[in-house]
Ligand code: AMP
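Next up: just one chain, as structure tokens, the form predicted on its own.
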Amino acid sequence: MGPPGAGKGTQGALLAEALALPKFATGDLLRDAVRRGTPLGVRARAVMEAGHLVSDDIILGVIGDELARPEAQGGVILDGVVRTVPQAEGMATLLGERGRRIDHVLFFDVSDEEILGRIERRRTEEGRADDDPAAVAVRLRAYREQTAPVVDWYEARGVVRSVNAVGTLDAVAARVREALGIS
């Protein structure tokens, strides 16, 4: 978890590779469900095509479907999956019904100044349309209002590990491994 541009996707992919676990990212899961035409994918497509946000029940349903897959039985890396307290509560229920739980939540700690610099560099280098300043301001506001309280929710459950996410890719990856107690 962390603000947009904190390095969650990059570090999540590295961690998933290092641990040989699948990485679940909400957007990827939704796009895949839509592409495969699953019942939840059909529902998600209708919502997305109407320009609305996909509801928690669809998101949690898609995650539940993915957790049932054989490759997810040994664990998964979640990337951007839990974005609101109701989603966190739903995820806890979903996992609990399967005899599972979230073991660790990595919070990628980055200043706003660093985030804005990273996103500007990414916009320049990758040409990402969703990284224009107005869109970034909306995403940061949404993060602070909806997602930041989720960190507190998980902290109350004792699973948050804070990671200084400033530095080289390798330095941050080393801090991630250290926070998780893996080499």
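Predicted, not measured: the structure shown is a model, and the values here were computed from it. So that there is no doubt, residue numbering starts at 1 and follows the sequence shown.
The same protein also exists as the form predicted in complex with ligand AMP; that form is not shown, yet it is the one meant from here on.
At the 4.5 Å heavy atom threshold, is P149 in contact with ligand AMP in the predicted complex?
Heavy-atom contact with ligand AMP at 4.5 Å: absent for P149.
At 4.5 Å between heavy atoms, is L116 in contact with ligand AMP in the predicted complex?
No, no contact at 4.5 Å.
Ligand AMP contact in the predicted complex: G27, any heavy atom under 4.5 Å
Contact with ligand AMP, yes.
Flag A137 as yes or no: does it have a non-hydrogen atom within 4.5 angstroms of any non-hydrogen atom of ligand AMP in the predicted complex?
It does not: once ligand AMP is placed as it appears in the predicted complex, A137 has no heavy atom within 4.5 Å of it.
Please identify, from 35-43, 152-160, 65-73, 52-60, the stretch that has a heavy atom within 4.5 Å of ligand AMP in the predicted complex.
One stretch meets the cut-off, namely 52-60.
Residues in 124-148 with any heavy atom within 4.5 Å of ligand AMP in the predicted complex:
Counting only heavy atoms within 4.5 Å of ligand AMP in the predicted complex, the contacting residues of 124-148 are R128, D130, R139.
So the Cα-Cα distance between G99 and V34 shifts by 3 Å or more in the predicted complex; is it shorter or longer than what we see here?
Distance between the C-alphas of G99 and V34: longer in the predicted complex, by 3 Å or more.
How does the C-alpha distance between R98 and L40 change in the predicted complex compared with the present structure, closer or farther, given a change of 3 angstroms or more?
Farther apart, by at least 3 Å.
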